[in-house]
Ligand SMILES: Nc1ncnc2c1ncn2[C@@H]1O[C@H](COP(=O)(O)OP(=O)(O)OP(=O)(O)O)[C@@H](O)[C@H]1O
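Below you will find one chain, with nothing else, as structure tokens; this is the form predicted alone, and questions on how it binds or moves follow later.
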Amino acid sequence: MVKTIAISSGKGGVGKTSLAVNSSIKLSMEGMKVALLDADFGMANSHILLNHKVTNTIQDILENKAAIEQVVHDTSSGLKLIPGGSGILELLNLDSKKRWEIIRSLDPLKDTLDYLVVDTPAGASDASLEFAAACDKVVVVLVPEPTSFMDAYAFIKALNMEKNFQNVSVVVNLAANGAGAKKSFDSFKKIVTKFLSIDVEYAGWLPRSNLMASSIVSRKPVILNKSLDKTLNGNFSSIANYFLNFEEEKSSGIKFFNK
């Protein structure tokens, strides 16, 4: 059975897509069959980080009735990419029926994958919540800043109240060190659990890294860098291990692969 993970954030610019791409590749490197769905429709850029030229996208499923197999791209990293459209206004304003159509369109892949990672739109829009809630696990990316805390809290509150999610996980990005990341997580968890009846789990952290920043510019996922330092490699290994062992969130509503 395919495990599905949403990588979400309360705001843009916190490293959500970079985590989605690199953690997906790391899972693939661990021997898993992994696909990444870039559900940030209209603003999709996972293919840019992968330096992969795309032809068919999710737009072709909606407008041209393309089969999902025609939209899946095999990348050089071993990861399968399902790209969203970039700069397409129509994809920014999908109604619930179209989002349901996209979720169901992936059903034929259920026997070919171990994991589906979904890069959701930033923020607490209807699309963000619906695609996140369609997954078994929601991972929220935040950075050690008050505005990031506030926006991540708003997203989790909406997911809890509108989709009845009882558990979310957090990755702290751009942290100075492991102790600082854990301190940020503990502070954030205290805020969330004070006002919401929801469990918040620590999924790991990533450092503020020049290597990470340069990998985005060079369009080469940092996890593929042969000179990857021990700390960063350990961070991604820890996050991947968390993804390999999480318990699925039970919730009602539309789910990927008809769960």
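In this text, residue numbers run from 1 along the sequence as written. What you see is a predicted model, and the numbers here were worked out from it, not measured in a lab.
Quick note: we don't show the form predicted together with this ligand, though the next part is all about it.
Asker: This ligand isn't shown here, but in the model of the complex which of Ala66, Ala213, Leu228, Ile48 has a heavy atom within 4.5 Å of it?
Answerer: Of the listed residues, the single hit is Ala213.
Asker: Only one of Leu174, Ala133, Ile103, Val72 has a non-hydrogen atom within 4.5 angstroms of this ligand in the model of the complex; which is it?
Answerer: The residue in contact is Leu174.
Asker: Picking from 52-60, 202-210, 27-35, 189-197, which part of the chain touches this ligand in the model of the complex when contact means heavy atoms within 4.5 Å?
Answerer: Selected range: 202-210.
Asker: Whether Thr17 contacts this ligand in the model of the complex should be assessed with a 4.5 Å heavy atom distance threshold; does it?
Answerer: Output for Thr17 is yes: heavy atoms within 4.5 Å of this ligand.
Asker: Is Ala122 near this ligand? Define near as a heavy atom within 4.5 Å, in the model of the complex.
Answerer: Taking the distances in the model of the complex, the answer for Ala122 is yes, it comes within 4.5 Å of this ligand.
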